[in-house]
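Just the one chain here, the form predicted on its own, laid out as structure tokens.
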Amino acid sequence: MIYFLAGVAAIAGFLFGYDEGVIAVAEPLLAKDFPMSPGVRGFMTAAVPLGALIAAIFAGPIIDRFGRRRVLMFAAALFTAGAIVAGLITAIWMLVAARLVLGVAIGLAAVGAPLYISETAPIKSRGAMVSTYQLAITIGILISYLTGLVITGNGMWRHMFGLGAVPGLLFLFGLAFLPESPRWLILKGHADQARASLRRLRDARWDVDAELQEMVLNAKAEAGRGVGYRALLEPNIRPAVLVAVGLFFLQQLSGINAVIYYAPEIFNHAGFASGETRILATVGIGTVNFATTILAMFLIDRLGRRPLLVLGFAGAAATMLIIALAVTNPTMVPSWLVIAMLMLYIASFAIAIGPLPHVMMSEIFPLRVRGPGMSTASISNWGFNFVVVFAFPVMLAGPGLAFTFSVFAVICLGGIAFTLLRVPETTGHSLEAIEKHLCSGKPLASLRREAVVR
């Protein structure tokens, strides 16, 4: 059941990836029917992260009040409705509105899905299972790119947008068969329902009562303490907020969404004039993103969070600098080098910078503020996502691609220092053990894999 749960919850990631990537291949066809100024085009593209940002502000309290599963079902309904409207528009403002609705769905699901998986997964595979959300994002992006090769012709952008309703319906249908998070049930005082949920999620050999007892004791220890956004300002919790917000800041400012949204244009600047060649190269990016994320799922619970982050930031910084150099001297550097470096950049991102912020934001907050904490992290995520996506066309037209990628490279170098100084190693620890360390007053970054609990 737990694998089925992770697979269903990860459909939220697929929808995020599809709605994020489809605009890159649909926009050239869309522009033939609805010509847009650069400003309108930028806002239409950025409507998804803007909607997600709005939803992220309210996601935490809503998820804590109504439950992880119920909120995800509401998000699934929004995904379906937004995709149908996007495929039937008669004016650009309608598409902007539809993408705002899709953004709200993504914002709710981006908090709810990793949280739902993390609170239901066993310790030994929690990192890999939460990473299925990021894996599904890469699959969604890849599928959206492939539609640019399969679905061609005037007006076919409607089919590209409308297809998003299919996984939306599957998401809603799958959630109907899943139990609620046992930790949320404990938080609400429903111990018997939590036990029943755990029995459905674990195999017959698992000691359900021992795991449930740890949850109950932790909930009792936290009873009466502050909840909501105000509790995030408590001295013991602030380090977790800094790590979660900082990792998403670094993720977005690493340049990933500039590459995903505008991959065809980047290849055009690199000298690839053929539209079909640019689409094929873009599909290659999506394939590498998907394959490397699978590798990350294998390594997260084996190698650990911190080593992977350092590796990912180092690789992203190096490749961004080389791309900037190649774009500055296009006659001296072969075009294939730009493709190779973009592939290596995507691999560096997918192995760490992509999945680990989602994993860690679902691990490091105490149960009583896990919803508001993850919501705050998502506000950082979508806020900087919106800034990058909206500003990237302006920076391309102004300082240029080389300068922009150089800025991304410097930020990735800062990510290495941030990881070494601030990020804890949560591999092998139960959520309750991580919470106990955080509330003990010890530096969060002092949590190491050697101190494995249970």
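What you are looking at is a predicted structure, and each value in this text was computed from that prediction instead of being measured. The numbering used is simple: start at 1 and walk along the sequence shown.
Form predicted together with beta-D-glucopyranose (BGC): not shown, discussed below.
Asks: Answer yes if any heavy atom of F16 is within 4.5 Å of a heavy atom of beta-D-glucopyranose (BGC) in the model of the complex; otherwise answer no.
Replies: Yes - in the model of the complex, heavy atoms of F16 and beta-D-glucopyranose (BGC) come within 4.5 Å of each other.
Asks: At the 4.5 Å heavy atom threshold, is R370 in contact with beta-D-glucopyranose (BGC) in the model of the complex?
Replies: Flag for R370 set to no.
Asks: Even though beta-D-glucopyranose (BGC) is not shown here, does N381 get within 4.5 Å of it in the model of the complex, heavy atoms only?
Replies: Result yes; N381 sits at the interface with beta-D-glucopyranose (BGC) in the model of the complex.
Asks: May I ask you to state whether E20 is within 4.5 Å of beta-D-glucopyranose (BGC) in the model of the complex, using heavy atom distances?
Replies: Because a heavy atom of E20 falls inside 4.5 Å of beta-D-glucopyranose (BGC) in the model of the complex, the answer is yes.
Asks: State the residue from G164, G148, G354, P182 whose non-hydrogen atoms include one within 4.5 Å of beta-D-glucopyranose (BGC) in the model of the complex.
Replies: It is G354 that has a heavy atom within 4.5 Å of the partner.
Asks: Between the options S362, S144, S375, N289, which residue brings a heavy atom to within 4.5 Å of beta-D-glucopyranose (BGC) in the model of the complex?
Replies: None of the other options qualify; the answer is N289.
Asks: Give a yes or no on whether each residue among T138, Q251 and H358 has a heavy atom within 4.5 Å of beta-D-glucopyranose (BGC) in the model of the complex.
Replies: Judged in the model of the complex, T138, Q251 and H358 all sit within 4.5 Å of beta-D-glucopyranose (BGC).
Asks: Pick from 93 to 101, 72 to 80, 129 to 137, 301 to 309: which stretch has non-hydrogen atoms within 4.5 Å of beta-D-glucopyranose (BGC) in the model of the complex?
Replies: The contacting stretch here is 129 to 137.
Asks: Heavy atom within 4.5 Å of beta-D-glucopyranose (BGC) in the model of the complex: which residues of 23 to 54 qualify?
Replies: Counting only heavy atoms within 4.5 Å of beta-D-glucopyranose (BGC) in the model of the complex, no residue of 23 to 54 makes contact.
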